[in-house]
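Coming up is one lone chain in structure tokens, specifically the form predicted alone.
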């Protein structure tokens, strides 16, 4: 029997993600920044995203609810010991630090404020560095204080990828600039460029 050969459409190579997760932090001006980054991410995005935004004590889940309306990914305000899943966005609740545990779960803590904040970006970033090392991507966005700079440096020293919003594009440039000044940043990008970078980094087959 003769085999018919048909023209095949070339398939893109299937890249395996080196990275395990994305951690992001922001404060004043952060909602617009998070929305701009999350909105272009496709439903098949392969990495979990953990978000700390400095919140009012009476937020009561409103930030997570509003953020969910800007992205095609599921947005969750997690419970203590909740398992981290790919393609989900986890938003730290008001009045709780959010940490990553070695077991791949989230821990919520009411320990003292760090940098006058609970949740604190530094707390999340430092726990992510401990749990994931070089396989974490850290992003620091608009804000009016220096929270996140020390955590970014810890991630960078662990071999992770660190990205700061270009301070000239930030509504409040103090936060990303503080990380840049400490030498904690690998890439300085606009919000649009950060979104595109995440599409590139998370649009691959997840590594176990």
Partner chain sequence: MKSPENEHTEIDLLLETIYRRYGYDFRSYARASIERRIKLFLASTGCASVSEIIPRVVDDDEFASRLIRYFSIAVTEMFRDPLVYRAVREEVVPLLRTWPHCKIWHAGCATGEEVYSLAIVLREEGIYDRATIYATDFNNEALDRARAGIYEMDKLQEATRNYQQAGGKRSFSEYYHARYKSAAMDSSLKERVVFSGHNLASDSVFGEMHLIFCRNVLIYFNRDLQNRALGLFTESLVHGGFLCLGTKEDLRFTDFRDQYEVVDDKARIYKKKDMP
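Numbering follows the first chain given and starts at 1. Note that the coordinates shown come from a computational prediction; the quantities given were computed from them, not determined experimentally.
One more form of this protein exists, namely the form predicted together with the partner chain; it is left out here, but the text below deals with it.
- Residue contact check for residue 157: one or more of its heavy atoms lie within 4.5 Å of the partner chain in the predicted bound form.
- Of the heavy atoms in residue 109, some are within 4.5 Å of the partner chain in the predicted bound form.
- A residue is said to contact a partner when one of its heavy atoms sits within 4.5 Å of a partner heavy atom; residue 181 fails this definition for the partner chain in the predicted bound form, lying far away.
- Shown alone here, residue 84 lies farther than 4.5 Å from the partner chain in the predicted bound form, counting heavy atoms only.
- Contact with the partner chain in the predicted bound form holds for none of 140, 161 and 197, as no heavy atom of theirs lies within 4.5 Å.
- Applying a 4.5 Å heavy atom cutoff to the partner chain in the predicted bound form picks out 80, 81, 82, 93, 96 from 80-96, in order along the sequence.
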